[in-house]
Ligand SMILES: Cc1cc2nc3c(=O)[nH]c(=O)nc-3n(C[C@H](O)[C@H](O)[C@H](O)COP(=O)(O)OP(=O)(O)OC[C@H]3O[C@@H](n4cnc5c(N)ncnc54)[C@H](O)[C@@H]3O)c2cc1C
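Okay, here we've got a single chain as structure tokens, the form predicted alone, with questions on binding and movement later.
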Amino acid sequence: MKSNQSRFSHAIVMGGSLGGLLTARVLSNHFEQVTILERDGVANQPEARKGQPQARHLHGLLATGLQVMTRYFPDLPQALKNNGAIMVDFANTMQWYTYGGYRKRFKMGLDATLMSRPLLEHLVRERVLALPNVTLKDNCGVLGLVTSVSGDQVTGVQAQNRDSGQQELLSASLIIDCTGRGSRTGQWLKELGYQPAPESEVRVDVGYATRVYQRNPADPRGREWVLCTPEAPKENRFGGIFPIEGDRWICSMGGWLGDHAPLDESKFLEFARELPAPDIYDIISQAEPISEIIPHKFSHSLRRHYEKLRRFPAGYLVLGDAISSFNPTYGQGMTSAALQVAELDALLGKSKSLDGLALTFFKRAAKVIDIPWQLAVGEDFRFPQTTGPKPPGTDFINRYVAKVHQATLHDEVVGEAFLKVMNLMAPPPSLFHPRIVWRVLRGKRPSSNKTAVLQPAAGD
């Protein structure tokens, strides 16, 4: 769609997953033509492609992520509903066991969107490719970058059709790497004589396994999302089961520090039975499995600090998981990418040229990433075996946040403050507001309530 705002000619997005699609949507407002290059073949239906091993597992779309996506696709919430996604009040439908009890339910007025990652991506892709100035080239790999003679500007990419082997040079005024954690930008920068971005790694050795089950549409639990998260460090296993489109349950279970869910059917059920709350076992022990048990391992969170570079080639950016990929158990990746895309949109809206875009964008992206990174690695450092750069004050913050977790079992004011931080709607320091601190420190830990398998919704 060539809009009146289009000031630049052609942009290329490397990577056609959710981050790349959202990036292409934003670029369509500012460029006459946008081309998405996707390494895998893409079908016009919900699918988990070979290059998306994470897409077959349980996903959570945080409220902030949905809000950003709705800004660019106003009909997306209705399309999700029309395709079977379940949208319910976030806090009023949680069945979340942690720290010896269930978080207290209350009406928050904030949507939880329960669907498979392939469905969400398919609906976003449909909307992006409906734009007349956006083109997708699938089965298309990128062999390398093309630069100006001086080497200070990226002017294109050398692309290759993975079916025919045919190569072509694609030129553009802006190229964005949205290829995810396996990004080759660091290698390409070295080849061009640039320093690669410094990296931070926090090793967690998380592994989990996922299975999909048939769901009875009359089951009242089909309007709830269920989590069981550990009281670290004495517990290290977790599990989640969400109702998704097609009258299905998707169940993921696993643990930190190598305590991963087994792939054998009977041992998978036993793993569920040994979780500290019975909800997940009660569902999957009675449901018909309709998929294999699929494993996924995540050794470490990774952050590439492009904001610390002093030199970076013009005409090139990096975005999404290619900058920072978090421990996926916290469900922050899609929302972090959406927020980075929104920053890019705002920056392009004020830019008369693309000069200096990269270093400005990386500083803005770093501010977006700081909060989910702090939340993720902070929680991971509850386990003393976690290694990597530990932010100052982490142990003190974790001792206080443990009390926050305990307070959410009985105090909805603290619960709302916690869920806003979790959804990236409020900064972590908001949990230290005097009103919240007072409620956290005055509270007493309730006795364990493992029998409350089905809590009534607030107001029922």
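Please read all numbers here as calculations on a predicted model, not as lab measurements. The numbering used is simple: start at 1 and walk along the sequence shown.
Below: the form predicted together with the named molecule, not depicted.
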query	finding
Candidate stretches 59-67, 422-430, 26-34, 401-409, one within 4.5 Å of the named molecule in the model of the complex by heavy atom	59-67
The named molecule in the model of the complex: contacted by all of R203, G255 and P372, heavy atom 4.5 Å	no
Contact flag, G388 vs the named molecule in the model of the complex, heavy atom cut 4.5 Å	no
Residue contact check: P243 to the named molecule in the model of the complex, 4.5 Å heavy atom	no
Proximity of P118 to the named molecule in the model of the complex, heavy atoms at 4.5 Å	no
Distance check, D321 to the named molecule in the model of the complex, heavy atom within 4.5 Å	yes
Selected contact from R273, R223, H296, R364, since only one has a non-hydrogen atom within 4.5 angstroms of the named molecule in the model of the complex	H296
G180, G315, G101, G378 - the one with a heavy atom within 4.5 Å of the named molecule in the model of the complex	G180
Within 4.5 Å of the named molecule in the model of the complex: residues from 130-168 (heavy atom criterion)	C140, G141, V142
